[in-house]
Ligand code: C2E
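A lone chain, given as structure tokens: the form predicted on its own.
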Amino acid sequence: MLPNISGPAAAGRLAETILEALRDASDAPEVPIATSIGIALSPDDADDRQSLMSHADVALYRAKKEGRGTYRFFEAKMGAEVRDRRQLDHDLRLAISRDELWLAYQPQLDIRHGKVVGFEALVRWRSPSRGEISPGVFIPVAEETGAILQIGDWVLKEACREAASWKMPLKVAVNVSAVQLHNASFAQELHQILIETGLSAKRLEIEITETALVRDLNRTLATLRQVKALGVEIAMDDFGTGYSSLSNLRAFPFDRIKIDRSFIKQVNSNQQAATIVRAVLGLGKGLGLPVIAEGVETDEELRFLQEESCDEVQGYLLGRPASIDSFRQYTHLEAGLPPAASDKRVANG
């Protein structure tokens, strides 16, 4: 790209110029153009075109991994990381056919009535060679490579199939990525899943983040309106961590707000976090949108949310993600205390 370059410093200055120009060129300042740059130098990194491009691509992946909006130079040690990532991608694409994926469920509790009202379905991967792999590791890879479409489809089918078998008509919430939402046939495929599994649409809730919204506002809005027409509920996940929460709440057909766990864990130690949580709860009440707080881990956090009239909660204090068989006392009224009595005891700390 740049012949006769004087050295790494000049390449870095060019990268900074490109990043700055693209930031200035964005039509919507609140939705900046996401840019990442990888740099490889000849002859230090390679002396042929193909190898140089390959090394620059490796550096580009590092720039993306470290937060985007930046640039990185190629380093020889990056090669091993890229090879591992490619192997991870390969193994991930085979995970479904090999029955390595499974769903963990985390209960969601209605504070006012002291009852479990639903579960969030969370995908997990147990690899024979790697062991348990964190979603924080494999989900970003799946989204970047497109494998998330196949995985997301499996998660929706499995969660709906499982929920349809419950004796109690509890809701099930499923996370949906931006890649899925921008698939033109997403709503149609979702409708087909509901028909095949027999799950009532009103018992399904899809959770999306604000990051998923801003990638393509018009396309996402059209898709969500189609989803809403099916009778499926829509929750804004990780509320408060995105770009323009208030405008998104007004523009999109949300049924529920989920307060991000980063605020909940600070409500008793950080006055600003407590104020934000109170503001979100007030906003939800004013808009007629129930609010669910995620990441509740202590009695003090739960007590704060009770006092502030939060609608629903989920977190380790109420139940860690586990196989759905662990919660049959709620899904089938089996083996344990009746849900109302058991849940009230938890809700009251």
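One-based numbering along the sequence shown. Bear in mind the structure is a predicted one, so any value in this text is a computation, not a measurement.
Another form, the form predicted together with the named molecule, is not on view; read the next lines as being about it.
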From D311, E294, E308, D45: within 4.5 Å of the named molecule in the predicted complex by heavy atoms is E294
As a check of understanding, the residue in P135, P169, G231, G146 with any heavy atom within 4.5 Å of the named molecule in the predicted complex should be identified as P135
Which of 195 to 203, 248 to 256, 274 to 282, 231 to 239 lies within 4.5 Å of the named molecule in the predicted complex, heavy atoms considered? The stretch 231 to 239
Hey, in the predicted complex, does I96 get a heavy atom within 4.5 angstroms of the named molecule?
no
Hey, in the predicted complex, is V123 touching the named molecule, heavy atoms inside 4.5 Å?
yes
Does E207 make contact with the named molecule in the predicted complex, using a 4.5 Å heavy atom cut-off?
yes
Is Q108 close to the named molecule in the predicted complex, meaning a heavy atom pair under 4.5 Å apart or at it?
no
Suppose contact means a heavy atom within 4.5 Å; in the predicted complex, does that hold for all of V155, Q180 and R261 with the named molecule?
yes
Could you list which residues of 306 to 321 come within 4.5 Å of the named molecule in the predicted complex, counting heavy atoms only?
G315, Y316, P321
